[in-house]
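Before any questions on how it binds or moves, here is one chain, the form predicted on its own, in structure tokens.
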Amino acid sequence: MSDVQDKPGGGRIEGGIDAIVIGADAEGLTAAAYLGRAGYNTILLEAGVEIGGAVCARELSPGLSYVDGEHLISILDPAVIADLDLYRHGVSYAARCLDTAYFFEDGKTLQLGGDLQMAAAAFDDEEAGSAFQKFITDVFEAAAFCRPGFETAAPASDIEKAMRAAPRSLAARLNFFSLAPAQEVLDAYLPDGCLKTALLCEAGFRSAAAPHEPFSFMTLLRRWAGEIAGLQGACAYPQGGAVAVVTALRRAAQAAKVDIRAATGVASILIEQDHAAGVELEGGGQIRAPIIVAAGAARRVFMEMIGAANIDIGFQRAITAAQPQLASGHLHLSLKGVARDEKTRGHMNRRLVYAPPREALRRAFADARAGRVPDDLMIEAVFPDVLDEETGGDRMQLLSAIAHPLPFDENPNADRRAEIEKTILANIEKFAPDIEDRIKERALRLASDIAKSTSALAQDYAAPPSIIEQVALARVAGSAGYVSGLYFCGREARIGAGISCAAGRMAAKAALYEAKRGGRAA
């Protein structure tokens, strides 16, 4: 039980709390659930009225909703699923091993099975199939080796030690994969053709690093380090959409007796003698606790909630240096009736990707960085109502698409939004002809829109930098500004695009380790 007393000068002071988690997105929910399960009296505070951060259900039209933020799962931490018993709390997959259908400018298509290690067997071209098998074997081995580093942002010394212990051939390959552009890696393994174009786009998707630039292959390596239901490199559509994962995390936190409080913003983090001591609430009053886990953006947590005066200058520079240039756009469409063309109907139960040619992709990144909306965009799309039979219908269909790369706009005006939406639709039409004639309702969600709904800054939802830069930033952010009792699992502590929960798990584990080392009894 917590203790409440009057605060001199107004407000209330709430004590008797072991831990406070700030931010109820997937990572914050994960951290809170771990702390609660360890027997710590934990409060989870969320400034907005919605739990789940950017991932939530929104109404597109009466009776039809879409999931904002994410529509597929690929890097969800298996340890979190097991430790928090998320299957018991409601996580299940409507499609747990999605095939991908790639569409190209010349009208050709390519289908890859969801189990990539078995996909080579379906190739008509024996040479291409053999090359792809060699590529997948080498990359998956490297990705599995790197997985712990992606989940924990291991110190450079630990990575160097692991590299020295690795077989020589693997170490050389890891060095190549880590430093080289995706384009160079793919050229080394695969013949020219549709497969190379498809994987070039996969390596650039949702990243600020273009596939022809150094370090860009690591984007693909990071995603293929993930696993779904024990299958490495798979993509899944959860029953009920990605919001169902957040719901399960919330149930896990509630089962661990976490006190979840929405619409409760934190004005500042209290620091006493270089140790986190609690939080000051926006509405007045304090909550005191010796453990604080912050799941918000680093700039907000350290520069505003704590204040620059309490933070090392080098740390400040690290968390404020990045200036976003690129972003992705989400477009959700409700469509009248079922698809009419055979090309679309034949692939609606798959992940659909439009992959522009290599030179078009290079121009797209250049245009987006210059502030222009590119003509050619990578598109990843799904038909949720087809994948999830419980929500599907025969009179209306939902299409959810992510487009990349787009220029990052802090506050796009109506003309800019219209230009972006028109361009995304033009690229969707390349694999779903005449789809615009069937649109009944539409919702364009840009970084600025998601930021407004989560009380965040638009730059918090810009495209992340290269994986190498993310790992370096995560190491810095994981130090939490060297404030004792403060642990960080916000955006800068996360590696890769999508729902992972690894940062929340690691922040909670670090807090528990330090508390036990200090003699605290749960």
Partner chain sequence: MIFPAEDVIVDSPRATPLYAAAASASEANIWTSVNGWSLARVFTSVEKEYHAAKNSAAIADLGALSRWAVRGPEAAQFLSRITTAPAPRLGVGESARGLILDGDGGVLDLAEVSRLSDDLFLLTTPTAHARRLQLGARGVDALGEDICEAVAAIGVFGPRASEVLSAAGMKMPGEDVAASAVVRGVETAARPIQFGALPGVELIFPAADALTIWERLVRRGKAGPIGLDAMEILRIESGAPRPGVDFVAADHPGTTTRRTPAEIGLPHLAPLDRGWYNGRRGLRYVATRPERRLVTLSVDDERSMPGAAVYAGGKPVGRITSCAWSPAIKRVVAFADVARPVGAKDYEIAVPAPGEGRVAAKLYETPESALAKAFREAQDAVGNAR
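Residue numbers count along the first chain shown, from 1. Keep in mind it's a predicted model, so treat the numbers as computed, not measured.
The same protein also has a form predicted together with its partner chain, omitted here; what follows describes it.
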| query | finding |
| --- | --- |
| Whether Asn41, Tyr513 and Lys516 all lie within 4.5 angstroms of its partner chain in the model of the complex by heavy atom | no |
| Its partner chain: the contacting residue among Ala165, Ala229, Ala172, Ile313 in the model of the complex [heavy atom, 4.5 Å] | Ile313 |
| Position in contact with its partner chain when the complex is considered in the model of the complex, options Ile439, Ala308, Ala426, Ala121, heavy atoms within 4.5 Å | Ala308 |
| Segment assignment from 359-367, 314-322, 71-79, 247-255: heavy atom within 4.5 Å of its partner chain in the model of the complex | 314-322 |
| Val483, heavy atom within 4.5 angstroms of its partner chain in the model of the complex | yes |
| Exercise: Glu410 in contact with its partner chain in the model of the complex, heavy atom 4.5 Å | no |
| Heavy atom of Glu105 within 4.5 Å of its partner chain in the model of the complex | no |
| Contact test in the model of the complex: Asp274 vs its partner chain, heavy atoms, 4.5 Å | yes |
